[in-house]
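Here's a solo chain for you in C-alpha cells, the form predicted on its own.
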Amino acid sequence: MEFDAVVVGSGPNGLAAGIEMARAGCSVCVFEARDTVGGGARSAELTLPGFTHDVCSAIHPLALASPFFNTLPLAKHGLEWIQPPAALAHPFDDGTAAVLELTIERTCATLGPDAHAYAKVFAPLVRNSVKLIPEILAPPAHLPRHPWALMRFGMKAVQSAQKFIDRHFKASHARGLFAGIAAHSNMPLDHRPTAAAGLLLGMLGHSGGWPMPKGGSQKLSDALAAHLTSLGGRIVTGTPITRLGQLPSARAILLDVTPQQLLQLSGEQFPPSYRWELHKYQYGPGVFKMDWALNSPIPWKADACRRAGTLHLGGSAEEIAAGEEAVAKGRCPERPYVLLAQQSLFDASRAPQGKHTAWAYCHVPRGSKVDMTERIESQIERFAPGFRDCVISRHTMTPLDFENYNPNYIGGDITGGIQNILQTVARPSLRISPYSTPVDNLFICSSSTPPAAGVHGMCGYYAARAALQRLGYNRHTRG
C-alpha cells in the first residue's frame, strides 16, 4: 500500500480526519480539487485588492469549542482568534437591539421582561458547557459520560424553536434573539429540532463567544494543513477526484463528500439497500451570499450593533419564522432573514486603512436563481439607513455558484443535508457507525455525518477513529 490513509477533500473535516490518522502513526495523503485547502473555510479578495472576505464560513463558535481542535497546537501554526466585545446583535425597528453578550447578566440587560426567563434557560447550560459540548458534538450512538446533563439538554433541544419561544419568552427582544439564533438550522422554526441550534449557539456565545480568525477563515484551514504536514502528512491540491481509481492504494479511504458525491464515486460498490439510503438523503435550502467593500463602518441605528461581530437582521420572531417557512415552501421572502458579519471592525487586516468589509447571506430555495441583492441590502438599510452610500464594491454568490465552488454544497445547501430528527439520527444512513460504509476500507467524513454542519472537525475526527478501529491501529497518538 502506498499510504495507510487517503483523504478526499481538505475542508475542516477532511483535514481533521487526516490529522487524527497521522497522530495515530498512519501515513496520510489528502487530495483537494482546488488550488488552496479549506473547503468551507477559505478567504479571498472577492471585491477589490486589499479587501479580504470569507468565501463561506466566517464566525466560528464551534471551532473555538471543538474538543478535537482544542487538542491541536493551531496557535503554533499562526491561528489567532479575535473575540468581538459582543457575539451577536439583533436590531429592531425602534432602534434598539437584543445583544448576545459574553455574560448572561449583560445579555439579560437587553431583554426587558424576559431577563429572568432567559437566565433560567441559559445559566444551567453555561454551567455545564464543559460537560455538554463533547456530548453534543458526538455521534448519536455514543456512550455518554454525562448522561443526565445530556438528557436535560436533549429534552429542550428536541423541540421546535417556535414551541420553545412560545413556552419561555413573552416580549419581542428575547423572542427575536432566540429565533434568529435558531434559524441557523436552515429549517422552518416550527420544525423539530430547531430549538437545538438556538440552545447550542446561545450557550457557546456565553461560554466561549463567537470569534473570528485574524486574517480570515483561511487562517484556520492553513493552520490545520500546517499541523498535518508537521505530522508527516501530504497534501495534493489542484487535483479533482471523480473516481476512486484515481487514488493511490491505501488501507483506508476517507471521503469529505455528501451522499450524492459518494454515490458518484463508488455507488457501484455498494449493496442496493445502502444505495437506496443515500439516494433518499435530503438536502436543505440554499443560500444567497454577498460581500461588500465599504468606505466606512455600517451606520447602525442601534449603537450596540457596533460592538457585535455578527448581526441577525429579520425583526420579530414571527417575521423570521415567516421568512424561513416561505423558503421551505420554495419561495424567496421579500424580507429575508439575513446573517451578517462585520469582521473589519475588529480585524484591521481585512481591509485597507480606513476601509471596511461586510459579509452576509440569506436562505433561499435550493438551486434558486433569484437575485437577492436588493432584498438583502434593503434589510440592512432597514436597520442601518445610509448603508448603500458606504458601498464601494459588492460580490454575490448564488446557490449554484456555491455548488460550483464546492460540490458538497448541493443546490447551495451549506449544511451538508437537512438536520431534521431523522437525519440527526440517520446521517447519512442508519448504522451503528455512520462514518463507515459497506465497503470495508471506505469511510465518509463530511458534515453529512454526525454531528453535522459547523466548522468543528468532529465529523472528520470520528470518521478517522472509525477507520483506525477497523484497521486495528493501536499505536500511540502523537503530535
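As the structure is a computational prediction, the values presented were derived from the model and not from experiment. Numbering starts at 1 and runs along the sequence shown.
Form predicted together with a small molecule: not shown, discussed below.
Chemist: Find the only residue in 418, 453, 26, 46 having a heavy atom within 4.5 Å of the small molecule in the predicted complex.
Modeler: Looking at 418, 453, 26, 46 one by one, just 453 meets the 4.5 Å heavy-atom criterion.
Chemist: Check each of 358, 224, 287, 252 and return the one that places a heavy atom within 4.5 angstroms of the small molecule in the predicted complex.
Modeler: The option sitting close enough to the partner is 287.
Chemist: 13, 42 and 58: each with a heavy atom within 4.5 Å of the small molecule in the predicted complex?
Modeler: Result yes, every residue of the spot touches the small molecule.
Chemist: Quick one: which of 153-161, 367-375, 105-113, 401-409 gets within 4.5 Å of the small molecule in the predicted complex, going by heavy atoms?
Modeler: Result for this chain: 401-409.
Chemist: At the 4.5 Å heavy atom threshold, is residue 38 in contact with the small molecule in the predicted complex?
Modeler: It does: once the small molecule is placed as it appears in the predicted complex, residue 38 has a heavy atom within 4.5 Å of it.
Chemist: Is residue 349 one of the residues lying within 4.5 Å of the small molecule in the predicted complex, judged by heavy atom distances?
Modeler: Result no; residue 349 lies far from the small molecule in the predicted complex.
Chemist: Heavy atoms within 4.5 Å of the small molecule in the predicted complex: does residue 379 have any?
Modeler: Result no; residue 379 lies far from the small molecule in the predicted complex.
Chemist: Is it the case that residue 186, even though its partner is missing from this view, gets within 4.5 Å of the small molecule in the predicted complex, heavy atoms only?
Modeler: Contact with the small molecule, no.
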